[in-house]
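As a starting point, one isolated chain is supplied in structure tokens, in the form predicted alone.
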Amino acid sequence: MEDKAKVILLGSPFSMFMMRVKIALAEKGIKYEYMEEDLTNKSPLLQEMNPIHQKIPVLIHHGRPICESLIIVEYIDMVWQNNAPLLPSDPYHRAQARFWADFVDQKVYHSSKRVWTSKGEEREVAKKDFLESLKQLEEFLGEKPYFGGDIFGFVDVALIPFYCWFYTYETFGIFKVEEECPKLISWAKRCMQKKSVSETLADEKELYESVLEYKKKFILD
């Protein structure tokens, strides 16, 4: 009989959202089965587990699905709460962490995607919006080693997968994040010293090649 208590992750190799979940699972030391999805030919399991959006990542625990990466990371933190807490216990600081993680999704993600999917003036606007969002995060980071203070936490997990995408954004947008946000790059390099991060993030050059292939198939320049 299938072990319903086991943890299964449905994902795609270059998804920053899937990387978040992998990092959280690694931080907690949770064993799981990873099932890679072909998003051009979605599996029956993905369609069954996430019938509303049919998107990855999906975490399956006790045979039940949890969808949306930040919700999954918070679920992981609550269920396996005795090891490497990701969200602070203080209600105010917890609310702040949720706010900035949502900021990553609403501001960083949408502007960064436009950097490589648009062109011309629209790309310049996207680049400006993207760098502005990073500068706001850099201001919030301040002199702390991590967004969670001395502890690698929820906002760090939310943002660090974007680091392996920086090469793609920079190549299409013709800019360098480090020139605009040096403290943020220092933070990213500090995060990369963690095994959970370094063993999860995709190779930036392979990711870039994958983006080029995607553009050839689905985006007309």
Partner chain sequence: MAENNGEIKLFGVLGSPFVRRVQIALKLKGVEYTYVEEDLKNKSDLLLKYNPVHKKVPVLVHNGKPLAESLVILEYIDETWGNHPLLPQQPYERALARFWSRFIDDKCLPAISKAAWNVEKEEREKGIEESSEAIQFLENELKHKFFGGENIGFVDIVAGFLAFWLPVIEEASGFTLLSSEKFPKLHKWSEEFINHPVVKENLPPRERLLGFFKARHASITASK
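Residue numbers count along the first chain shown, from 1. Quick caveat: nothing in here was measured; it's all calculated off a predicted structure.
Quick note: we don't show the form predicted in complex with the partner chain, though the next part is all about it.
Annotated contacts: 8, 36 and 43 are all free of the partner chain in the model of the complex [non-hydrogen atom within 4.5 angstroms]. At least one heavy atom of residue 103 is located within 4.5 Å of the partner chain in the model of the complex. At a distance threshold of 4.5 angstroms between non-hydrogen atoms, residue 75 is in contact with the partner chain in the model of the complex. The closest non-hydrogen atom of residue 128 lies beyond 4.5 Å of the partner chain in the model of the complex. Taking the partner from elsewhere, residue 195 is found to have every heavy atom lying beyond 4.5 Å of the partner chain in the model of the complex. Counting a residue when any of its non-hydrogen atoms is within 4.5 Å of the partner chain in the model of the complex, the hits in 61 to 93 run 64, 65, 66, 67, 68, 71, 74, 75, 78, 79, 91, 92.
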